[in-house]
Structures are given as C-alpha cells and as structure tokens.
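There is one chain below, alone, in structure tokens, taken in the form predicted alone.
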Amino acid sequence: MITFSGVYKYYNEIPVLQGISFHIDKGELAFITGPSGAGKTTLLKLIFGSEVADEGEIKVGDFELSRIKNSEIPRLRRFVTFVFQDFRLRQDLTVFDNVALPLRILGEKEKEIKLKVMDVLRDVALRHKVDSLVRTLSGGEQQKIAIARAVVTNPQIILADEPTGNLDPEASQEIINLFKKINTRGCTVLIATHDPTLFQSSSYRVLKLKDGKISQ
C-alpha cells in the first residue's frame, strides 16, 4: 500500500530524510514516532504528494510518486487524506459545511452530501453538533470533525500528523480509538506522534525516526 525505497529529502542541501525504506500493508495501522525535527511531518507530506523526494522511490497504492503528473494529484488526494494537529477547519462555517467541503469540491449532489456527512458525524458521535459553528467546539470535538472531513470521501489511506498534540490525555485517547475504529473498516492509517503513550502496550507497528533515519 505504501512503499519507500531508499528515499532522501533535502532542505537547503541539509538531509531531512536519509535512505528511508519501509512498507505499510493495506489495512494496517502504524505509528511513526521520534523527536521534533526527526522528519515525521516530511515523511507524511511525501506520501500525500505535497513534497517530492530528491532520491529514491515512493509507491502509494498504484501511484508512483516520483513520476506522478500534476493532473493525477487530485485523484491521489481522494486516495490519501490528511489530518493535521491544528485541525485546519473553517472556523466561520458550521460543522456540516466543514465536513461537506471536500464533497462539494468533488461536485457531488447536495442530497448525497447530506447523507454522507450525517453518516460520518454519527460515527464520531457529533451528529447533534451538525449546525454548530466550529469555533464553538472544544479541541477534541474539532479534531473529530477534522477526522470526519477526512473520511467522508472514503479514502484508502489516512495520514495523521500529531493529531493529539493539542489535546488532553482523555481527548487524545478518544481520537486514537476513533482511528482504530476507522482502521477496522479496512482503511490504512499512519499516525505520526512524539507521544509514546499512544502506542505503548499495543501490537501496532512503530517506525522510529531519529536524525532522518529509521532506527530499530
């Protein structure tokens, strides 16, 4: 599903990722961990196609990212979605309109949009907030809305960059449980975090990044 082969990424000639190789299976949930500056966010951006590797090969599903055309990026973004630490929600819009946004961009009919939005809001237990402005919600609720927006297009892969970084421990656990629930439905989930409590005592695979390299 996701394969890195000898991937290097440089910023201003400084290596951020060095010789990265790994494979994530279809339907797997895995964590990427490491200190700030280890390269976690850069790695996710490479999978998402918002950054391009300087050396090596990256394959995401049927996409060869080293040779992907700009015209194929919209199709990649339906296949892979991203959940950010800072939510990236429109604070001036309602919960419904935030979740509906990617479907409207895709040109779906409003009747279908309503059904899909209400379904995912039920999954994140926030259907009762459908008409609330996002800015009135707690941080944990906003992250659930961000996840709902990410899954509403039925992607095959969800990338999450420090999704609990702004949340308290209880809300953090709720978010991780939500990702686990999504994963049980067959979606591949890759979570970058510096917080080991999110994966300790679990059977999920952990990729450890240090100084731009995967360490054992």
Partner chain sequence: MKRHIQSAIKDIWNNRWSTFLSVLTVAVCFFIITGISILLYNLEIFTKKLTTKAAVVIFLKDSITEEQTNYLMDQIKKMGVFSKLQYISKDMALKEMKDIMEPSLVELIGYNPLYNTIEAYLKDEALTTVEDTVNKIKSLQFVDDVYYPANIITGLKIIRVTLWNFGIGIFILLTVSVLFIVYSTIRSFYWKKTEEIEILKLLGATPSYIRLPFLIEGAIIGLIGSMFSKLFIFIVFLLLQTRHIYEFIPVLTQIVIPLEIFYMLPIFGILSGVVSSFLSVGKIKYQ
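Computed from a predicted structure; not experimentally measured. Residue numbers count along the first chain shown, from 1.
Just so you know, the form predicted in complex with its partner chain exists too; it's not on screen, but the next bit is about it.
- Looking at 155-163, 186-194, 22-30, 64-72, the stretch with residues near its partner chain in the predicted complex, meaning non-hydrogen atoms within 4.5 angstroms, turns out to be 64-72.
- Proximity of F48, E110 and R149 to its partner chain in the predicted complex is complete: all three residues have a non-hydrogen atom within 4.5 angstroms.
- Its partner chain is not drawn, but in the predicted complex it has a heavy atom within 4.5 Å of F84.
- At a distance threshold of 4.5 angstroms between non-hydrogen atoms, L101 is in contact with its partner chain in the predicted complex.
- With a 4.5 Å cutoff on heavy atoms, R90 counts as touching its partner chain in the predicted complex.
- Although the partner is absent from this view, R77 contacts its partner chain in the predicted complex, with a non-hydrogen atom inside 4.5 angstroms.
- Residues from 158-175 do not approach its partner chain in the predicted complex: none has a non-hydrogen atom within 4.5 Å of it.
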